[in-house]
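Quick setup: one chain, the form predicted alone, written in structure tokens, and binding and motion questions come after.
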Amino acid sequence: MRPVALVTGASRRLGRAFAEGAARSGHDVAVHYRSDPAAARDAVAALVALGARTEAFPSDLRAPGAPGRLVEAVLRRFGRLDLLVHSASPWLEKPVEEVTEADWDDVFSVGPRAGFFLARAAGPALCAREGAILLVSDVAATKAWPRHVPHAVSKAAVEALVRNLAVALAPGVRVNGIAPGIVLPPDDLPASEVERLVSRTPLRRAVPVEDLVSAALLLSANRSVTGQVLAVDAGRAVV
């Protein structure tokens, strides 16, 4: 039987890229999405074309109990879980004076809070398979991004979660993180701004999505690595 991966936020952007990478590596894939069933159907069709058994699972991870119910639904459908990739994350750009309490709660409830409760719910099934968890961080976790404070702080919390869960769920489950750099910039980000950001990386290049996905899969498969956050960012983290 093929291993099973649950990927949150898998209907679009990086989440979908992680889901397709998991399918190419031999996983069946549970596609989590929140509010776009058409995008989820498109993702499912792409994964089926890659040979994966797959199904879409709607869930608003902000809702109380939603992470646990999502994991339960996936286990009922597939009967096992080998890999959890938590990629879902709201993108919020606002100056500090405009950030509301609702904004803050939205970012944190989908990011580190959902990550914790997904991991807790999935832990026993993952342990049975000596499986892995991959939490998606961001270079923002270690930088000052004054127009993205809730995002940056939530990603720092995700990285703390990686370290703590790696110990709490050991030895049966490995927990790691990946911190993308400039991979899929927001659609409304001007090309000039993308060029400016790329010019600040030591490698002077954006990160191809396939580089990010291959690193994520390698990190999740390595049986001797846990508690680590790997920056795949063309060197942005070191400057």
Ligand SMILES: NC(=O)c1ccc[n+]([C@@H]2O[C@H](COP(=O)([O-])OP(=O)(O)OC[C@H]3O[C@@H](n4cnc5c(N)ncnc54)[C@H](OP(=O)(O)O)[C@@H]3O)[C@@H](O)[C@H]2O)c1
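Residue indices: 1-based, along the sequence shown. Since this is a predicted model, take the numbers as computed values, not measurements.
Beyond the structure shown, there is the form predicted in complex with the named molecule, which is absent from this document and is the topic of what follows.
Trainee: Each of Arg2, Asp28 and Gly123 having a non-hydrogen atom within 4.5 Å of the named molecule in the predicted complex: is that the case here?
Mentor: No, the whole trio is out of contact, none within 4.5 Å by any heavy atom.
Trainee: So in the predicted complex, is the named molecule close enough to Leu184 to count as touching (4.5 Å, heavy atoms)?
Mentor: Because a heavy atom of Leu184 falls inside 4.5 Å of the named molecule in the predicted complex, the answer is yes.
Trainee: Is Arg53 part of the interface with the named molecule in the predicted complex - any heavy atom within 4.5 Å?
Mentor: Answer no; every heavy atom of Arg53 is more than 4.5 Å from the named molecule in the predicted complex.
Trainee: Taking any heavy atom pair closer than or equal to 4.5 Å as contact, tell me whether Ser214 reaches the named molecule in the predicted complex.
Mentor: The answer is no: Ser214 has no heavy atom within 4.5 Å of the named molecule.
Trainee: Using the partner position in the predicted complex, report whether Ser11 sits within 4.5 Å of the named molecule, counting heavy atoms only.
Mentor: Judged by the heavy-atom cut-off of 4.5 Å, Ser11 is in contact with the named molecule in the predicted complex.
Trainee: Report the stretch among 75-83, 115-123, 129-137, 160-168 that approaches the named molecule in the predicted complex to within 4.5 Å, counting heavy atoms only.
Mentor: In the other structure, the partner sits against 129-137.
Trainee: For the stretch 107-122, return the residues whose heavy atoms include at least one within 4.5 Å of the named molecule in the predicted complex, in the order they occur.
Mentor: The one in contact is Val110.
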